[in-house]
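Listed next as structure tokens is one chain, alone, in the form predicted on its own.
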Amino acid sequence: MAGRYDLAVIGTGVAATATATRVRAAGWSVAVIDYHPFGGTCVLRGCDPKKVLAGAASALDRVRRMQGKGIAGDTHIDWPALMAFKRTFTDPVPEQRERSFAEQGITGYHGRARFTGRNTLEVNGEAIEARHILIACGAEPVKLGVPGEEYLATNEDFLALAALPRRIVLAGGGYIAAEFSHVAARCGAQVTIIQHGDRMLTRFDPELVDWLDASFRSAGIDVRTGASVQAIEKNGSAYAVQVAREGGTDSVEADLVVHAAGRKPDFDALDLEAGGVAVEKGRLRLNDYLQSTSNPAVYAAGDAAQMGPPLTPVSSHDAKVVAANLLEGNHHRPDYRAVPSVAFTIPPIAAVGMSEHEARNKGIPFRMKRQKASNWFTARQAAQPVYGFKVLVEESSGKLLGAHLVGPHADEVINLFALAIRHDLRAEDLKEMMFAYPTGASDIGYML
């Protein structure tokens, strides 16, 4: 006999859990389905464990920068101990998540979900029927389509390494490549990045990425832009990565090759066609309410929806929107204004709002202040040579359009700029604020 529910949720990550919890609290019957351990990418295989490793690497890097400035003695990363510390965050999650679902009366299913009809799913041969279905299945690495692709390690594999390999190649140049390379290099690995584009971190201001390049170089990271992986060959316990660049090909030896070339929604096993869920160019066709245009019983959130930036706060925001629309009817639309983005490199780089290029393309008159600020107190007291900013302010209103930061505290200070942009504050409003001094935030007034 089929399990019948008001809502069946595919996934147990941020968007899935937040929606399931809100709808269940309103009295609906709810089921959640996941073939991974319950918890989702961010908590188990992404944001949280990555930040644990990045925090350790950053602490080590600061100690090294402060050598001769009051800090003495040798310090290094004990990788197995760091992994054990990381597991104190990740290992308890699946059991805690399952227990939480059970306590709320949410039914959990382990296995891959597959549509069998517009309101029906199958999980491990068991039928599920639901008035509504939420697709919040997260994302998976894109296929590169090169020989030897099966040898690629995923971000999940990297975050579970029992020992750090001596030579690591990262295929790609986005968040994963940038963050993992900074961790691995500072923990003693020889790191090479193969990026097909002409620069790293294309979601961030190119000038600030250029300033950050000094940190890659000082860490000994070999960044090869304008290059693409052609094949991966296994040689015993090692690998040879064949790389094509303008002017010829090259081979890079590695003990680990990590996929860092982007992710896509994990739709492959869902059989969306059987559910009447339309897809166009790899994206679900959704209306403004995050509802399928072809099957109104189906909604999507987070990475599966692809409506906002692929970031955890967006997944949480989508969950609130979907839950409200399920419970109250379609009255709520997502608002992705001023979503801050951070790459946890060393130092971090952050952005919110419009880029200089976007503002110029839209023909918005603006004034811009940009500066390399390595001589400011914030950078000098941390012995951090990479510090700079670019801030855009609309000429007519004085409102902030965008902020782009790299350096100490950028990952925290960007949130204040996001708050200002989302609530239409003027640059003068921020300049009048009395921030605690000396802090990263107390530099804001000088950035405007």
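Just count from 1 along the sequence shown to find any residue number. Just so it is clear, the model here is predicted, and its values are computed rather than measured.
The form predicted together with a small molecule is left out here; the points below concern that form.
The closest heavy atom approach of Pro313 to the small molecule in the model of the complex falls within 4.5 Å.
Taking the partner from the other structure, the small molecule in the model of the complex has a heavy atom within 4.5 Å of a heavy atom of Ala16.
Of the heavy atoms in His409, none are within 4.5 Å of the small molecule in the model of the complex. Under a 4.5 angstroms non-hydrogen atom cutoff, the small molecule in the model of the complex lacks Ala227 among its neighbouring residues. Arg263 is the sole member of Arg263, Arg186, Lys86, His132 with a non-hydrogen atom lying within 4.5 angstroms of the small molecule in the model of the complex. In terms of contact with the small molecule in the model of the complex, the residue from Pro147, Pro206, Gly117, Gly111 that brings a heavy atom within 4.5 Å is Gly111. Contact with the small molecule in the model of the complex, defined as any heavy atom within 4.5 Å, is confined among 33-41, 378-386, 416-424, 58-66 to 33-41.
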